[in-house]
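What follows is a single chain, given as structure tokens, in the form predicted on its own.
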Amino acid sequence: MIESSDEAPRRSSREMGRRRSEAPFFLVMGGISSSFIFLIVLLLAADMRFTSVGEFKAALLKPEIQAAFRLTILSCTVAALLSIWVATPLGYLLARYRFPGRLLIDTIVDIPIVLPPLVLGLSLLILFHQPVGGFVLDQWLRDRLGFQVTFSWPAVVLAQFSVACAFAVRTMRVTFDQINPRSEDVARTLGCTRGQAFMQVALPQAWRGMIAATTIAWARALGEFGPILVFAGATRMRTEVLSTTVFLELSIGNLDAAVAVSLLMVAMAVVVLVVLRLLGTGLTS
């Protein structure tokens, strides 16, 4: 079909008019959206402007902060690995099967997400110090296994795991929801058991989601503060992690060190978020 000589200018004018009519929409939406982005940028800029490179290095060279950094890396890694170990089967069951009590379990999983952090820490403290069945759990572990949970490094890991695992379960459930179960059904018709179909068919397809869930759990453990403070305490060189370091430095008026540790945690969080984006799974916490 041959266009008339004035058809192309007419179409161009219509497209320009449509773009002009859509401009107010994008201005309003972009203006509202950019307010939050601008706030985050201002917060980061304020932190970086407050301290210098020399003050940042001096703060990070303190033995207490280096010990807190090492414990943070160790505890977050252990909590993330425990989270994915639990989240993978639980997320699979919630995504694939309908069973009695499923709604209740689904609700219980979300409790650590919505519960105030201090309440969660207090609940952990009561659990390990309240007599249950005639014995106190923390004392029993100390007598039988020779280690104490509360106010020691295992309490840090348990406090981080209690919250991080809930986010990992949500991520793994979304992962398995996005995987077509047909391939598992075909594997079972070919003689595979449910366990074999899960291990050999579903699990290999969920590897991106597992990495994302582990990364999200690690990041959530990094930012945990309330449960750690109540359940593990903030003893320097023993149960101090980076989040409690900020609190301790602020409590003694050392604002330079607090800001330096805050910037360190921001850098670690950015690395985690970049890893999530590179995975390309589209899964977020």
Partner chain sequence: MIELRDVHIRAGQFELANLSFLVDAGQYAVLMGRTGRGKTTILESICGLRRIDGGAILIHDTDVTDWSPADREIGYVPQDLALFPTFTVAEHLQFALRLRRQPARQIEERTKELAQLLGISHLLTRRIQGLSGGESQRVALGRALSFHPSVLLLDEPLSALDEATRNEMQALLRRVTRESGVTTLHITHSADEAEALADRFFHLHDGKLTER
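Just so you know, these numbers come straight off a predicted model, no measurement behind them. Numbering follows the first chain given and starts at 1.
As for the form predicted in complex with the partner chain, it is not shown, yet the points below apply to it.
Between 118-126, 166-174, 180-188, 70-78, the stretch whose residues reach within 4.5 angstroms of the partner chain in the predicted bound form through a non-hydrogen atom is 180-188.
With a 4.5 Å cutoff on heavy atoms, Pro204 counts as touching the partner chain in the predicted bound form. Gln139 falls outside the set of residues with a heavy atom inside 4.5 Å of the partner chain in the predicted bound form. Taking non-hydrogen atoms only, Gln200 approaches the partner chain to within 4.5 angstroms in the predicted bound form. In the predicted bound form, no heavy atom of Gln148 sits within 4.5 Å of the partner chain. This chain lacks the partner; the member of Cys192, Ile105, Ile113, Val86 within 4.5 angstroms of the partner chain in the predicted bound form by a non-hydrogen atom is Cys192.
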